[in-house]
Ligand SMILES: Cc1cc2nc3c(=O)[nH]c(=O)nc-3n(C[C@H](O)[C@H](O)[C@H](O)COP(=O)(O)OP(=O)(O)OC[C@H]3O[C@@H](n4cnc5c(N)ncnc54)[C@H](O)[C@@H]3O)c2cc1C
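For reference, the chain that follows is the form predicted alone, supplied as structure tokens.
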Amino acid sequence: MIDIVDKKDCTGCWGCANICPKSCITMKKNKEGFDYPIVNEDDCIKCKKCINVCPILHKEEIENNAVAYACFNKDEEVRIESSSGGIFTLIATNVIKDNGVVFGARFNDLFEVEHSYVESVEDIKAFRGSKYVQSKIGYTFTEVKKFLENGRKVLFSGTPCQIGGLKSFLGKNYENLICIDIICHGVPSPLAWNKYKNEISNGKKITDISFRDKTYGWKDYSFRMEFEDGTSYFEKGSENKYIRGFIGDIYLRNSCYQCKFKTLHRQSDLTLADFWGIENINEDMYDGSGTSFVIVNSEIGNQVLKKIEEKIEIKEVNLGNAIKYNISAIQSSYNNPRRKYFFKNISKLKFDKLVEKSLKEDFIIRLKTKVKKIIKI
């Protein structure tokens, strides 16, 4: 039966729950709101499938020659609705038009984030845009396998650890599978998200949420929440407490602080991200509306990108130079010492106040550390 000795290594990928033949593994939220596997030992038949499927206990090492590009969708409307350059929409559209299925992270009716699939071009928009919450994978790995075994083309998008979980669950390569991961800063707690969401909505029904509204541009993005009564909440990302807490690393999953998937040798076919720093690398690919950083990790990924070439602006870039501005591709999140304080007080303080106190104290801790180092020198 699955037993990760150091619980902070578990990414919550749901691979073990998906593969258990007796359905005796359930994913339950801990006090921080993250999913972890719980085994019903009475039903367990000791088959060890859950152990063998774990991408942490049995991590696959990949060696590839990644190639990097700066890209953006020529369709300005789609590009504005996307977090960066609108590349995912083009790829997903091609898959569905080829009788395929697309899996990704979306909001459910309660505006919690979960993985699901769509089979129509119109529904792809649910997967657009960044969602700064760990998505619930559920039993989508099982659904992916069924589609693949039936000969359907499948596009699965997720974080690198979710791709690792899916690949381990499948246990073999499929020519009809396309995997896209992202350059992930880290995954925030669903508990923290629900607290923030509920305090901002204050009982009003939410109709739409954007973590990366481009009203003031791609880089100067804003957080937007709209309500059924016609009102909305709008705040620049640099001032929004939820975004600041996310960037400040105070409520990420424990595994994010020592991520096992921070590498340029990825299991995905394509890696998508915002191309931060593109104005310093290729000015022609920067106009303020959003540019995608695309890394091709496999021949499948190369063929996928070629199929959309006519609908995008694309320039090859030096991978090493690009990574300097997108360091989250290879570097884990800062293990913020104020994380424990945040979760200890999550039910005691209002969200904005809690984040403010957590970040302020963290600044003081970092400042004292720097002063001590200077004194020693």
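All of these numbers come straight from a predicted model, not from anything done at the bench. All residue numbers refer to positions in the sequence shown, first residue = 1.
The protein also exists as the form predicted together with the named molecule; that form is not presented, and the subsequent description refers to it.
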Using a 4.5 Å heavy atom cut-off, which residue among Ser292, Ser189, Ser255, Ser268 comes into contact with the named molecule in the predicted complex? Ser292
Contact with the named molecule in the predicted complex, heavy atom within 4.5 Å, among Ser222, Asn297, Asn94, Ser157 goes to Ser157
In terms of non-hydrogen atoms within 4.5 angstroms, which of the given stretches 170-178, 303-311, 279-287, 75-83 touches the named molecule in the predicted complex? 75-83
Does Asn345 make contact with the named molecule in the predicted complex, using a 4.5 Å heavy atom cut-off? no
Answer yes if any heavy atom of Asn326 is within 4.5 Å of a heavy atom of the named molecule in the predicted complex; otherwise answer no. yes
Should Thr140 be classed as touching the named molecule in the predicted complex when contacts are defined as heavy atoms within 4.5 Å? no
Close approach of Ser135 to the named molecule in the predicted complex, 4.5 Å, heavy atom: yes
Report yes if all three of Tyr196, Ile250 and Lys357 come within 4.5 Å of the named molecule in the predicted complex by some heavy atom, otherwise no. no
Along 110-142, which positions have a non-hydrogen atom within 4.5 Å of the named molecule in the predicted complex? Val113, His115, Phe127, Arg128, Gly129, Ser130, Lys131, Tyr132, Val133, Ser135
